[in-house]
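The chain below stands alone and is given in structure tokens; this is the form predicted alone.
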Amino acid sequence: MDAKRLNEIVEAVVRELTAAGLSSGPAPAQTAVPAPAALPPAPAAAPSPALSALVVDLEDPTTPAARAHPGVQNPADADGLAALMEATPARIGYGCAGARYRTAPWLTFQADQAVTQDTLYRDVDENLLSSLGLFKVQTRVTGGKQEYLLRPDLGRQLNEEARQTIQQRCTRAPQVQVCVGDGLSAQAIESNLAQILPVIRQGCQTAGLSFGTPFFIQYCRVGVMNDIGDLLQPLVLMLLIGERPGLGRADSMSVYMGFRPQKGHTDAERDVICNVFNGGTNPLEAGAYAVQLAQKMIRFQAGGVKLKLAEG
């Protein structure tokens, strides 16, 4: 760049700063540097060919093949390391560069963390709830997901509007009442609800159990079962709720079940079917098992620890 052009840029910047009130007083005097006569005018800037020809030569580290590839250089037992990596989802065999992760496993970690963040902070798809005929109510959380994460106590209580809506729209004292809660993973509900809910409904019908009006609870914690039990007084309450996501795993759902849930009940009065997802406990099988467990609760008039003791 020639000296004349440089002076023009400096003067333009000073004028903009003065107009914005970021500079006081006159611009400092500048010493003009004469341009060499032999130099031709500077050509107009052209797009850098390096940017348009940019090529990312790193393969996607999140593919199953990349995840299964050992990153340890010159392992003492290559076959044993590969077998160990295949036997567990734990992050082993990635290798290191000094005291740090290598690039590929570090990028995989960040990608998996993004999956966790996404499912924690977004809401369940409204279209899914509508397609399954679920109306929506809310707990006492009013400050969005951030308050929900910081105040689990508020997620265990229905707000006043929810109480009124449930009393108006739900059948009272059914043998089985199903509720759905977002919990800590919206993706878990979206991945499993359409499969498990019809199985539970059909299973109750086949077993001769009256089935209540299912609905969805936003900002839901497991303890909200007590509020619902006090309002509707079902024999068995099932809460389908998204589990806490792990790195790269966000589609796991749980089915919490309680017999005559009411104020003061704790996890000791509840049973749970966990890790419900395709790849864990199949949602179809989980639905069928939930109905069988409901029948057992009704037969023994108990749930949780009391049910285990009653079974002998």
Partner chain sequence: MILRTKLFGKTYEFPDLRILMGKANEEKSGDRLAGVAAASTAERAAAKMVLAAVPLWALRESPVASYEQDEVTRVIFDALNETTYAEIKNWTVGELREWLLANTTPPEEIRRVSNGLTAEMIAAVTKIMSNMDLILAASKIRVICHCANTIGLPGTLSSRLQPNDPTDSPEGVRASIYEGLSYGSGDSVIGINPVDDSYASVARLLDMTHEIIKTWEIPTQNCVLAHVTTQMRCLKNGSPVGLVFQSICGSQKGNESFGISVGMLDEAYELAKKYCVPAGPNYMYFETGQGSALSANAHHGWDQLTLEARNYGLAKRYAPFQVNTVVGFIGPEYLYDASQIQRAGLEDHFMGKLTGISMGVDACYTNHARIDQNGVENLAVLLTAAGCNYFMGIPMSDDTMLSYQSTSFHDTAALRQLFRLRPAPEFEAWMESLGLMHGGILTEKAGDPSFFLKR
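Positions refer to the first chain, counted from 1. Computed from a prediction, not measured in an experiment: that's the story for all the values here. If you superpose the two forms and keep the largest set of C-alpha atoms that fall within 1.5 Å, you have the rigid core.
The following text describes the form predicted in complex with the partner chain, which does not appear among the structures shown.
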Single option in Pro174, Gly229, Pro105, Pro214 placed near the partner chain in the predicted bound form, where near means a heavy atom within 4.5 Å: Pro105
Any non-hydrogen atom of Pro70 within 4.5 angstroms of the partner chain in the predicted bound form: no
4.5 Å heavy atom contact, Leu209 to the partner chain in the predicted bound form: no
4.5 angstroms heavy atom contact with the partner chain in the predicted bound form for Gln113: yes
Close approach of Gly279 to the partner chain in the predicted bound form, 4.5 Å, heavy atom: yes
Per-stretch contact check against the partner chain in the predicted bound form, the hit in 189 to 197, 231 to 239, 120 to 128, 162 to 170 (non-hydrogen atom, 4.5 angstroms): 120 to 128
Candidate site Leu158, Arg201 and Ala288: all three near the partner chain in the predicted bound form by heavy atom within 4.5 Å: no
Residues of 143 to 163 having any heavy atom within 4.5 Å of the partner chain in the predicted bound form, listed in sequence order: Gln146, Leu149, Leu150, Arg151, Pro152, Asp153, Arg156
Cα displacement of Gln146 between the shown form and the other one reaching 2 Å, rigid core superposed: no
C-alpha of Phe215 moved at least 2 Å between the shown form and the other one on rigid core: no
Threshold 2 Å Cα movement between the shown form and the other one for Pro105, core superposed: yes
